[in-house]
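Heads up, what comes next is one protein chain in two forms, each shown on its own as structure tokens, labelled structure 1 and structure 2.
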Structure 1
């Protein structure tokens, strides 16, 4: 129920942004009715596909995910500048690496956020997704720092699932 209302609210905001009709005269009531109808149909299709869960509509974890994005923005800035230096050197001097990063995350959302974060950070791209690890291609040897990957994994795990409790087990 919460996810249905949340998805309707998000779709309604999207529709209002893209249509930009805020008056109630002339033909606009009809257009607004059509908008409400299309939102209801979209939510109905989502219900029928049975994908209306916390993974599709991550509104509960949204503040944490946005805070994580802010941290990721800083990382992206730093990585962009280092990649820019590598690219614009007068003589190209790179040493590409293909490394396997171990992954121990609790949910699919956390895995998705982690893999996308690795790809978004310039210099590292997730090439293959396996059950217990990602295959990551790095532009230079200096970008395959295990501590950096571990911190990103910890933060994405916390953003998607909250703090680890003792029941989850500290087996990382």
Structure 2
């Protein structure tokens, strides 16, 4: 029930934002009714498909997702600067590497977020996805720090699942 109400609220805000019609004149009542009808049909189809769950409507995870997007944006900016420094040197001396990055994430969503985050970060590309890890191509050996990959994995898991149990058993 909470997910249905949350999805309706999200779709209502999205519809209101995208419709751009904020006046009460002319055809506005008809437009409002069509908007409500489209939201009800969308939520009804989602219920009928039985996909209305915490993954479809990530209301609870929204703060974690927003924090992750902000952190990832900073990482992308820093990686852009790093790649720019590498390619702008007069003596382009890069050492491309293929590294296997271990992956121990709890959900498919977290694994997907992690793999895409690696690829979004300039200088690294997820080349192959396996059950126990990813094969990552890095533009230079300086971009293969295991601690950086571990931090991204932890943050990806928090963003996808809302909480992560740390190595010592405590919730973080």
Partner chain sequence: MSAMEVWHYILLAISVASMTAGLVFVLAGAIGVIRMPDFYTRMHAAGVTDTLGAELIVLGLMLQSGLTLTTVKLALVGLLLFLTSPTSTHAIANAAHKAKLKPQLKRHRPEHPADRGPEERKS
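Keep in mind that this is a model prediction, so the values were computed, not measured. Take the two forms, superpose them, and find the largest set of C-alpha atoms that agree within 1.5 Å; that set is the rigid core. Numbering follows the first chain given and starts at 1.
In this comparison, the chain shown as structure 1 is the form predicted in complex with the partner chain.
The chain divides into two rigid parts for the movement between structure 1 and structure 2; residue 47 belongs to the part that does not contain residue 111.
The smaller of the two rigid parts turns by 11° against the larger between structure 1 and structure 2, as judged from C-alpha superpositions. Core superposition gives residue 34 a CA displacement of 8.2 Å between structure 1 and structure 2. The rigid core superposition between structure 1 and structure 2 gives a CA shift for residue 15 of 6.6 Å.
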